[in-house]
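Take a look at this single chain in structure tokens; it is the form predicted on its own.
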Amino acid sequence: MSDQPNDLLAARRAKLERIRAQGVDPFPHDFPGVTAVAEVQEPWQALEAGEERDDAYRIAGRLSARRGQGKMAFLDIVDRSGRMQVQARADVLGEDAMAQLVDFDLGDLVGIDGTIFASRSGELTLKVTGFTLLAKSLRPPPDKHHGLQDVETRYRRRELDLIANEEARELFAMRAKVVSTLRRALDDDGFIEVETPVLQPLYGGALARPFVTHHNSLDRDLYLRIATELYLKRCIVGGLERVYELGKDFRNEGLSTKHNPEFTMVEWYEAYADYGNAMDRVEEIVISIAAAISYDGPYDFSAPWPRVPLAQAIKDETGIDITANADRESLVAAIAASDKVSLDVEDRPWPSLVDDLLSKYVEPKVTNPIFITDYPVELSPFAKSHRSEEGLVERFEAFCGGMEFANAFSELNDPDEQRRRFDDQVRLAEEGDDESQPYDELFVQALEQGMPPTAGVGLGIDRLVMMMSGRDSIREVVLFPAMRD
């Protein structure tokens, strides 16, 4: 969105100075006693056209439209709950006050005192008995008829998007409801919300590249966390037994419709449970969120969700059996022989190729929610070995609408096995895998204190909101997404 013409900006600044010259503070400190527009309107839905009441209210919001002048004018005031028409009359306010009110610019923030009535067309309206300028808008708002359509501007200048588009305000109110519903579900089930470090001396808990920063006083490099997993499991070791954290994680990866380098995750860990219990809880929580927001989109969230082993899901879509091709050479040969698969295999380790088969050939085909289960151990350095399938771990990912939104394990709690897994990750790093997990000795020592059987889940809030709102880009559901210069 280009800057407005200088004459428009100059005209608004000139008006600001005139207001000040009249002895009016254009930026007062407060305006107590405001009632939300929706709360004003709710009790009076049955008011008949032309009917007036003495009930007085105070509302506040942005001036979005103005009709009429002289002896009577109608103005629209918008707050986060909705729009309300107000009627200004010179015989009520006086000539000077009336002239001052109708001279306000669109976009100005205004407080209104008035009494309720229904206009001749039946629209609920406040008859203005007093008003206060709350903040002078020095820039014109986006076009009221067409809203703000330019996608780049909507993301870079989210405040303009929220001013212009009621749908944007509704989306982020819905996102807040998703978060509060999730929190309430975990709180009600006895989970404790905790906070762990964002700046970490050693990143871990996922396979991703970190952001690196430098702490001047400590004179050491630190990492923005890529996950909260390792610290939360140390809480389990300490006896908290059911913990969760909802907050930001950071991964230094490419931008896409599904990836923002700063994203919101909830991770929860439950002692004495396994990945089957975790599937049940994810299913229950997502269904409760869909109910809370009155979801009416294309996906069917009703239980039970299908549970399909990863090897079977890949074979169904590609014809490649990763179980029968359990080393890099044979898997590369199977990919080369396939007429359904085209992957860059050069210098790629086996786990990375398997992950690509999943993300490029299985994930995009998913519509309704599904659990894909039982992953190779090489893809899951923190998951517990499968109790009946050698070479696999008890892990699932939840998918819906062509993307993964949750990841969970029966958590590995054998410290010696964890050491071996870390060693394997180090070898993968030496082979060129820049998203492998670094060795974390302090975490292993925590496991040596003893960690009970535990189920752990990571669920992406941004992607969950994408699913629930029908948005196809993560930038739509993040208030201020990362953007190129």
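This one's a predicted model, so the numbers in the text were calculated from it and none came from an experiment. Between two forms, the rigid core is defined as the largest C-alpha subset superposing within 1.5 Å. Residue positions are given as counts along the sequence shown, with the first one as 1.
Below: the form predicted together with the RNA, not depicted.
Residue in contact with the RNA in the model of the complex (any heavy atom within 4.5 Å), chosen from E52, E431, E39, E417: E52. This chain is drawn without the RNA; in the model of the complex, the residue among W350, F263, F191, F382 with a heavy atom within 4.5 Å of it is F263. Taking the partner from elsewhere, R183 is found to have every heavy atom lying beyond 4.5 Å of the RNA in the model of the complex. Taking non-hydrogen atoms only, G239 never approaches the RNA to within 4.5 angstroms in the model of the complex. For the chain shown alone, S330 is not a contact residue for the RNA in the model of the complex, no non-hydrogen atom being within 4.5 angstroms. Contact annotation: F117 falls within 4.5 Å of the RNA in the model of the complex, judged by heavy atom distances. In summary, the region of this chain contacting the RNA in the model of the complex, judged by heavy atoms within 4.5 Å and restricted to 420-428, 25-33, 447-455, 66-74, corresponds to 66-74.
Using a 4.5 Å cut-off on any heavy atom, the one residue of 184-218 that reaches the RNA in the model of the complex is L207.
Put the two forms on the same core and the Cα of L357 is off by 2 Å or more between the shown form and the other one.
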